[in-house]
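First, one chain by itself: the form predicted alone, in C-alpha cells.
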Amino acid sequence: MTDVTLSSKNPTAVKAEALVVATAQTSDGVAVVSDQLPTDLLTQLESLAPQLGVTGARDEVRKIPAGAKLAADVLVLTGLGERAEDGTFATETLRRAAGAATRELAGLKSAAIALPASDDDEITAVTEGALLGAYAFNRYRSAGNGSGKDAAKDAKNGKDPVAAIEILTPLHKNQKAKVAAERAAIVAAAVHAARDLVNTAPNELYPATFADAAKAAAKDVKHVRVTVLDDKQLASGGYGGLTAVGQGSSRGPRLVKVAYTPAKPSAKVALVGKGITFDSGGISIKPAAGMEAMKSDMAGAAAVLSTVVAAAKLNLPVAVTGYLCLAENMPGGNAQRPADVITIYGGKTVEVLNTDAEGRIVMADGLVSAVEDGHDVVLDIATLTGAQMVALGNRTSAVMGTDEVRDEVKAAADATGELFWPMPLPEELKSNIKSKVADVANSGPRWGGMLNAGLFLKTFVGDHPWAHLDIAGPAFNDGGAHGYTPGGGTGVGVRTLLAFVEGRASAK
C-alpha cells in the first residue's frame, strides 16, 4: 500500500512529483485554500480558474504545470465545494477531496498534500481519504502480447497507485496526530483488503479459497484465531442454510469464524457477513445481463473479515468475532429447489420459494450461531436485496434492527463518512414471509422487499440486540469512480463496523 508520512515542509519547497492543493467555490468564483502559497501565485491561480476549467466543485481535480515558484513538478487542484457557514470544511469533504486527487496520481512515485490538516480530525480525514483514493486492482492485467510501445499502451490502465504521500501539517510531530495517521493507514488497508476480495474473479475466490484468504489475513495478527467448518461438518452440524445454498455447486460451502479475543475485553461484538462468492440465482436463475457483478455478493463477508483484522491491529479492548457465511449459489443438478423445506441451525424451518433469496438463508445459520455464542450485540452485513437500491440508490446503504443498535450504527457511519439510512421493520409486514408449510418463507412480495428480508433475519435473532446492514448497491461500483471510491469493489461497511466497535470500547 502507499506509504504515508506527516511533514511540516512548506508547500512551495516540497520536492514531489505532484503537490495537491484545495480549491473552493465562492460567491465571486474560486478560492485556493492555502495560507502558505505565495499571495501572487494564489491571485494568479484564482484569476486563471475560468480558463483552466476550475470551479472548486467537489470531486473536481485539475492538473497544471507547477511553475517556477514551486519545487513540485505538477500542481493538482482538488475541489472542496462551498465552505460551511463557520468557514470550515466537513471532514468528509476533506476525505473526498484528498481521495479524488490521489486517484488521479496513479503511476507517480511521490505526492505532497497541502489540504487543511490543523487538528486530529482533519489529519485523519486527509490521510484516510488520500490512502482510500490510492487504490488499484491490477492482478489480472498483463503488459499485452506486444513489446515496447504496444506493451506500454496495453498496460496504461494498470498503473499502480502513487507510491508515497506526504501530508503537510504543522502537527507533524504531535503524538496524537501520528496516532491518527497510523489509524487511518490501518483503516485504509482494511478497506483495500475488502476491495481486493470483492474484485477477485469467482473462479479463484470460492468458499474454500475465501477460507484460505481469512487464514492468511489473520496470520501473525495477535489474538486472532480462525476456525473453518467445511461442507461435511456443516451438514453433520445442522447448518441447513449453508448446506442447501451450497449444494448446487461443485465447490462446497464454508462457515469461517474469525475471532479476535484481547485480554479482559470490555465488550463482545459479533459480525456476521454474507459470503456468496458467486450468485447465479440458482434454479431461480438471474438474467444474464449484469450477472458478472454477482462476484461481489460476498462483500459483506469481506467487510467482516477486514474489520476483525483491523480491530486486532488497533489493539481495541473489545472481543470481535466474525462469522463468514460462504457458499456459491449455482444451478447444479443437486441444487435446492423452490418448495424445498430446510432446517436452519438451531431448528427453525424455512420454505424456499425463491433460490435467488439465498443470502438470508446462509445468514440465518450465522446469526443463530452468533447469538448462541453469547455476544453483547450482533451486527450482520450483506449485499442482500435489490430492493435496497430501489429504495436508496447505489450509494446509500440501509440499516435496520433493534432501535438502539440501529441508531448506534447510523452514528458510526456518520462519523466515518459512509452513507447509511435507518429503515423500519414494521410488524404488519411479518405476514409477507409467512409460510404455509414451514416456520418462515425465504421470500415475500416485491413491495417492501428490503424490509421483508430484514424481518426474515430478525426471526433468527429474536430479542437479541442486533442490526442488519444492507449494502447491496454501495458494495460494488459499476459506474465511474468518484471521490475516494474506485470502480468495482468499494469496501463499504468496513469503516462503519470498525467505528461501531471503537464506540463500544470507549463506552465502557
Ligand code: BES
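None of these values were measured; they are calculated from a predicted model. Note that residue numbering begins at 1 and tracks the sequence as displayed.
A second form of this protein, the form predicted together with the ligand, is not displayed here; the remarks below concern that form.
Although the partner is absent here, Leu392 is not a contact residue: none of its heavy atoms lies within 4.5 angstroms of the ligand in the predicted complex. When contacts are judged by a 4.5 Å heavy atom cut-off, Ser110 does not count as touching the ligand in the predicted complex. Using a 4.5 angstroms threshold between heavy atoms, Asp356 counts as touching the ligand in the predicted complex. Although the partner is absent here, Asp279 is a contact residue: one of its heavy atoms lies within 4.5 angstroms of the ligand in the predicted complex. Between the ligand and the residues Pro422, Gly386, Gly346, Pro262, the one pair within 4.5 Å by heavy atoms in the predicted complex involves Gly386. Put simply, of Asp297, Glu128, Asp365, Asp380 only one has a heavy atom within 4.5 Å of the ligand in the predicted complex, and it is Asp297. Residues Ala180, His192 and Arg495 are none of them found to lie within 4.5 Å of the ligand in the predicted complex, as judged by heavy atom distances. Only one segment in the set 113 to 121, 134 to 142, 407 to 415, 279 to 287 has any non-hydrogen atom within 4.5 angstroms of the ligand in the predicted complex, and it is 279 to 287. Along 462 to 476, one residue reaches a heavy atom to within 4.5 Å of the ligand in the predicted complex: Ala472.
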